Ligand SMILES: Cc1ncc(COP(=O)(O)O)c(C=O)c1O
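Form predicted on its own, single chain, as structure tokens, below.
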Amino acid sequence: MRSNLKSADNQFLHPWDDMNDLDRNERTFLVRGEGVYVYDDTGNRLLDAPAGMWCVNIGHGRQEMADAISEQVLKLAYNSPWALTSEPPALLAAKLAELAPGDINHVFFSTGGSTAIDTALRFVCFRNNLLGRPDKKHFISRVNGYHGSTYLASSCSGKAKDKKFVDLDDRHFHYIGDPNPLHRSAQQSVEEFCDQLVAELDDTIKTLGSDRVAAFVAEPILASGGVVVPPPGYLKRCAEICRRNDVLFIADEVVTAFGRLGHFFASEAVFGVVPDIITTAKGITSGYLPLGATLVSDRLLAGLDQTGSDHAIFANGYTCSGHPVACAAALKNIEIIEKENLLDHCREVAPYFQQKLLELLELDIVKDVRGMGLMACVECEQAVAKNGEGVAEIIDRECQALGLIVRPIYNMCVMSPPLTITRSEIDHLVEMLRDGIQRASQVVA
């Protein structure tokens, strides 16, 4: 049976599949999950440190989610979002407007983070066309930022290795520096590094022309870029520059929303910024069903009905926009987060999580440990085994043998455990990660 599954799985082209390994991949088969743990097909229990893919915020195997999804499937599994609607998306839109900062009161539903970002970029261009600003179509994002896999979202992303063999829009997208303080010069303070980053954004807008720059797109914390926490005050100062130059600020909260940093949305609560647009996905349903959302400020919508343009239709949509079952899952997910005080729990255990991980700096191979809330990265020195395998991949393999899943990215191990994680589970996670790093150190030595 296992060999049949392996053969079948190799017919599934997974995200980021390496064509050199086509039909030869050996992936771990998971069969069930419970709390912060998942179980593979041989019965091994694995602590799910990445919470799937930054998303299983309420933990695995929640009966309440299964019941809510089943109930909505039996009640109404689908309706066209064009001329019809249903109760779940209406209630969810109202709830998100209540939770979002400032005057962000309108929501466009899509299918995930990529389509949420794609929608945001298309809406900004659509709005500028209506306002008679057809040249205001350039976007600024950051090196090592990640915003998705659609054509526009991947063009907006700044991870060089992801761009090597794919076609992108290289005319309208521009990148400023990675805000990782680890990359500053030896003589530079964190404050001076922040000044440099902010000045770079200001200079880039001036060089391109504020009449041509539409928006600055930023994750509050670069997630797939290595859990990069920017210097204090960086995001707020960037937002102020955007306001002065009539450039919109789009906060990509696909990862940081729904409790990851202890708040439903992190932009204002953690970083003091009220964006013009927020995109989110992942934790909105805790990964139980696919759903994305693009939240738009009332200010951006005001007056669009008075531009004099006939049929000013925002021709953007998906078959599953506002899918009733996905929206019912999101409503239940939010209810669980509120009922179980998971935001408070995250804020309570996060400092312990970060402090325990800092103990790994004792290991020679560990270069940096960083994070915020229940997001963290352990960055190791660049090293490869004789077979060419990278250090993070080796750590992940060794950790799985010990009962832990981490997400390997080049020489980094990133983690974002379920919000339900306890202190004893954090201890167990760090203990296994320490052992996995030490084992990997012997392989790459």
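A quick note: this is a predicted structure, and the numbers were derived from the prediction, not measured. Don't overthink the numbering: it's just position in the shown sequence, from 1.
The same protein also has a form predicted together with the named molecule, omitted here; what follows describes it.
The named molecule in the predicted bound form comes within 4.5 Å of a heavy atom belonging to Y146. Taking the partner from the other structure, the named molecule in the predicted bound form has no heavy atom within 4.5 Å of any heavy atom of Q72. Interface membership of L121, defined by any non-hydrogen atom within 4.5 Å of the named molecule in the predicted bound form, is ruled out.
Among residues of the shown chain, V228 is not one whose heavy atoms approach the named molecule to within 4.5 Å in the predicted bound form.
Proximity to the named molecule in the predicted bound form, taken as a non-hydrogen atom within 4.5 angstroms, holds for one residue of S224, N180, S154, N333, which is S224. Residue G112 is the only one of G158, G373, P88, G112 with a heavy atom lying within 4.5 Å of the named molecule in the predicted bound form. Heavy atoms within 4.5 Å of the named molecule in the predicted bound form map, among the stretches 303-311, 94-102, 253-261, 239-247, onto 253-261 alone.
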